[in-house]
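The form predicted alone is given below as one chain in C-alpha cells.
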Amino acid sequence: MGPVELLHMSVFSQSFSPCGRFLAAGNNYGEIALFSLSAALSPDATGLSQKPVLTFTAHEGPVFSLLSTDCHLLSAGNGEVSAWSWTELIKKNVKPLWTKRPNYKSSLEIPEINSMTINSRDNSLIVGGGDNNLHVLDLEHGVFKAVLQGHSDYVHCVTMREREAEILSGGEDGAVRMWDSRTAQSVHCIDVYKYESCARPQFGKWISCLTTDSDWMLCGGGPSLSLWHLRSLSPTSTFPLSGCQRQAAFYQDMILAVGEGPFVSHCLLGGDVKAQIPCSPQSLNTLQLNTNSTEHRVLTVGGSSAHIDVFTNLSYRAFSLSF
C-alpha cells in the first residue's frame, strides 16, 4: 500500500476477538487488519506493536461492517458476507470458511451491506444495506430464511433489542423500524425527523446510528442524536452535538458518540455534553468497547485516517494503531 492510499484510507468497522486480545479493523480498500492488543498494551511495546500482525484483502469494496461470534469473525462488503475462523486468523491463515450473498432481486447492481447484528435467540445474522431490505441468515444451516421489507431507501444500521426479540433498523428514509424477529413483521415505525426536538432539515433526515439497551434507544444522523424511551416511543433527551453522529454506545451512566469532528463525545443521559476527547482522525466512523477481556479493556475509534486511536482511560487517547 503506497503513501497516497494510506493518505486516503478510512476505517469503517472494528470488532474484538472473542478472547479480547485482538482487534480486527476494516477499511475502504476491502482490507481487514488484525492488531494484537496484548502486544500494543504491553510495557515493552514498540512502534512495531502498533502495526497489524496480519493484513489481508477480504472484499472487493469497503468493509462497512465487522462482527464477532464465539469463534468467527464476520465481515460484510460489496453485497456479501464472509466468515473467518478467529483461531485460523490468529495463526495467519486467511481462508474464508464461507461467503454468502443475500437473494437480491436484481443481479445487475450489487448493493453494499452497511450493518449486521446477531440474533442470539435463533442464531441468525441480520444484514441491512443498499437494497432497502433486511436479510436474515440462519447461521446454523447457512441459508437466508427471511427478508424484512419496509424501508423506502437504503438501510444504514441494524441492532438487536434482545429481551423483546425485536430488530431495530435505521435508514436513509429517516425511519427507525422495529421488527418482531419471530414473525419478520414491522411492529413500529418512528419517523425521527418529524419530531421537532430532533429535526435538523439542513442535514437531512437519514438515520446513520442506532443502538439500544432494551428500554432505551439512541439514534441520530441527519436528526440530532437523541435518547428514546421505547415503551412510550418518545424522545426524552436530545444531544447538542454538531454534525452527524455515526456511532453511539451506552457506557455505564454515559453515552459515547462519534461522527463528524475529531473527538469522542461523552454525553450524560439527561442531554448534556460532559466532554469531547480529541482524536487523530478528522472525522470518525466507528467506536468499539472491548468487554471481552478485563486485561485489555480499551475503547478504540477509527475514521478518516489509517490510524485507530486507543483509549485505556476514557479521558485521553493513549496511542494509535495504524494500518
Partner chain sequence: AFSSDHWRRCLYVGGWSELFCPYCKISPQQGDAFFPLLNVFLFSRTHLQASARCALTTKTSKPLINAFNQIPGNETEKKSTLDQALRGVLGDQIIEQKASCDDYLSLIYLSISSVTEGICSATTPFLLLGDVLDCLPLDQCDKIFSFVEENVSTWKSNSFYTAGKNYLLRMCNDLLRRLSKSQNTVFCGRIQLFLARLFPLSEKSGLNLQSQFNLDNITVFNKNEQESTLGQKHTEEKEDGMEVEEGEMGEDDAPAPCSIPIDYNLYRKFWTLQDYFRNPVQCYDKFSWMTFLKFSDETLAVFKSYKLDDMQASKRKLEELRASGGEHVYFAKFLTSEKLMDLQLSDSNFRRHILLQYLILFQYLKGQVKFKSSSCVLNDDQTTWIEETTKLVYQLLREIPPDGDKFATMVEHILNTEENWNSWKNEGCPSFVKERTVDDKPKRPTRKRQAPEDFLGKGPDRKIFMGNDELTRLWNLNQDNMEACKSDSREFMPSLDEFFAEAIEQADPANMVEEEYKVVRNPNYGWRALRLLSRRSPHFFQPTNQKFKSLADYLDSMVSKLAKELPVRIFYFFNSSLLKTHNDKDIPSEEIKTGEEDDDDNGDNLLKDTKLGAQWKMLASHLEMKAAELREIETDSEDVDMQAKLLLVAWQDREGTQATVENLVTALNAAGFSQIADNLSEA
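Positions refer to the first chain, counted from 1. Keep in mind the model is a prediction, meaning the values are calculated, not measured.
What follows is about the form predicted in complex with its partner chain, which we do not show.
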Checking a candidate spot here: are 210, 213 and 252 all in contact with its partner chain in the predicted bound form (at least one heavy atom each within 4.5 Å)? no
Partner-proximal stretch of 28-36, 269-277, 65-73, 51-59 relative to its partner chain in the predicted bound form, 4.5 angstroms, heavy atom: 269-277
How about residue 318: is it within 4.5 Å of its partner chain in the predicted bound form, going by heavy atoms? yes
Contact with its partner chain in the predicted bound form for residue 256, defined as at least one heavy atom pair within 4.5 Å: yes or no? no
Classify residue 282 as contacting or not contacting its partner chain in the predicted bound form by the rule of any non-hydrogen atom within 4.5 angstroms, answering yes or no. no
Using a 4.5 Å heavy atom cut-off, state whether residue 294 contacts its partner chain in the predicted bound form. yes
Residues of 40-67 having any heavy atom within 4.5 Å of its partner chain in the predicted bound form, listed in sequence order: 41, 42, 43, 44
